[in-house]
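Just one chain is shown here, as structure tokens, and it is the form predicted on its own.
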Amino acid sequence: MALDFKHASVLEGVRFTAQVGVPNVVQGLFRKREAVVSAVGKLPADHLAYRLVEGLERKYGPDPFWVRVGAEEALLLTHPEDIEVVLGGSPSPFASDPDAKRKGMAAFQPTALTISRGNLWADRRAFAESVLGTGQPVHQLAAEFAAAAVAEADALLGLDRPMTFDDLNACFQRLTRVVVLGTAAEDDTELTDLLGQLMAAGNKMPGEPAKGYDELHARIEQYVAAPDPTALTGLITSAPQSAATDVPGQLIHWLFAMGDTLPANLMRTLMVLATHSKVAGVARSEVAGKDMADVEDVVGATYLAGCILEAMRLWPTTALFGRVLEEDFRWKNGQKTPAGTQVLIHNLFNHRNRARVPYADRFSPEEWTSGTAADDWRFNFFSHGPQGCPGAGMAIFLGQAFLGRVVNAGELKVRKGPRIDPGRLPYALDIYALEISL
């Protein structure tokens, strides 16, 4: 390997592996292990990882630099311009299927868009953008989706005890099934449980479909064969596709991303709204008297959207982001890295970089409504460029409708969980330890 960029020492590589790589793996790359997540949060592993990367960037940056992860070296990016080069150059030459990700996802979504390349990627991307309404101001089924989100919010508001993450997650799994597959799937908890088992198998990175994958694929195929006009399945026949698209295989990723990632982000948002009276007041004023089943009222809740996006910035569900070079690549400074190189982006460090982000450790929704956060490629929870999440707009819309209904109902209070300082937010929030009264 050419000595083109600076190299962190072997000892620093051991520390990077132990403090950044290992915690991500042991917590579960695809299916979170609740006990481990809680234990790691108490260390506090995320803060230690941030401080390590901060020190390495100060010593070897701002250009990319090599750092050992396990037995191999990877190129770590910390400068915004380099991050934009990589994300703008995905999926080629910066492919989004590094070895660990591909082997893990193979267990439960082997034909996923995010681990596809070349013509297959183009085929599956066109299908996803068509059905998910990527880039549209609102999805054509937005009214149906808003009504479904409000119904789930009402279910939570009807609890006679404080809400836990399990409560929220159950509601959003149901909402996800309704949005993606249709009302016939509303109570199909067996499908969700099966997907969860396969995701847990993915944590072991088997490199092949896990036991039960064929059953999951067949169950989803049944819903595709009987499309619901009020759900995404109702839009499939009019979307561009081929035999290689594998429609049920694409829906698996939507069920995975919407059903697991979104509720975790919303739980963190609720935590902040329950502890930041000023933020909660602004959010409540924005939706006061509004009908969150009305599409215009949901879209107009821009501050509420900013709250969700800020929670995703502060506590990214994917702390370490990877790409792999399909071919040799020459950087703008003339230095060259070979095909097969793994490129890493540490989202937690970039999102909370105090040297570059003035509001790094504060909750600042206004940066998304009137600031420049939305155009900042360092904030990478939805990715950017050609590989940007095709369902990002839909996810935020569902979150707005749900949160708007909850916030309208009254004051939120944390009944159990960590106390946080609004001026210096922690690097991790244990959502499994939270109880919030609605």
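Numbering starts at 1 and follows the sequence shown. Note that the structure is predicted; figures quoted are calculated from it, not measured.
Keep in mind that the form predicted in complex with a small molecule is not shown, yet the notes after this line are about it.
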Should L270 be counted as a contact of the small molecule in the predicted bound form, where contact means heavy atoms within 4.5 Å? no
Does the 4.5 Å heavy atom contact test between C389 and the small molecule in the predicted bound form come out positive? yes
Applying a 4.5 Å heavy atom distance criterion, does R125 contact the small molecule in the predicted bound form? yes
Non-hydrogen atom contact A283 with the small molecule in the predicted bound form at 4.5 angstroms: no
Counting heavy atoms only and using a 4.5 Å cut-off, do F165, I420 and S437 all touch the small molecule in the predicted bound form? no
So which of F381, Y50, F65, W377 gets a non-hydrogen atom within 4.5 Å of the small molecule in the predicted bound form? F381
Of L75, I236, L132, V287, the one that lies within 4.5 Å of the small molecule in the predicted bound form (heavy atoms): L132
In contact with the small molecule in the predicted bound form (heavy atoms, 4.5 Å), from 110 to 118, 330 to 338, 190 to 198, 219 to 227, is stretch 110 to 118
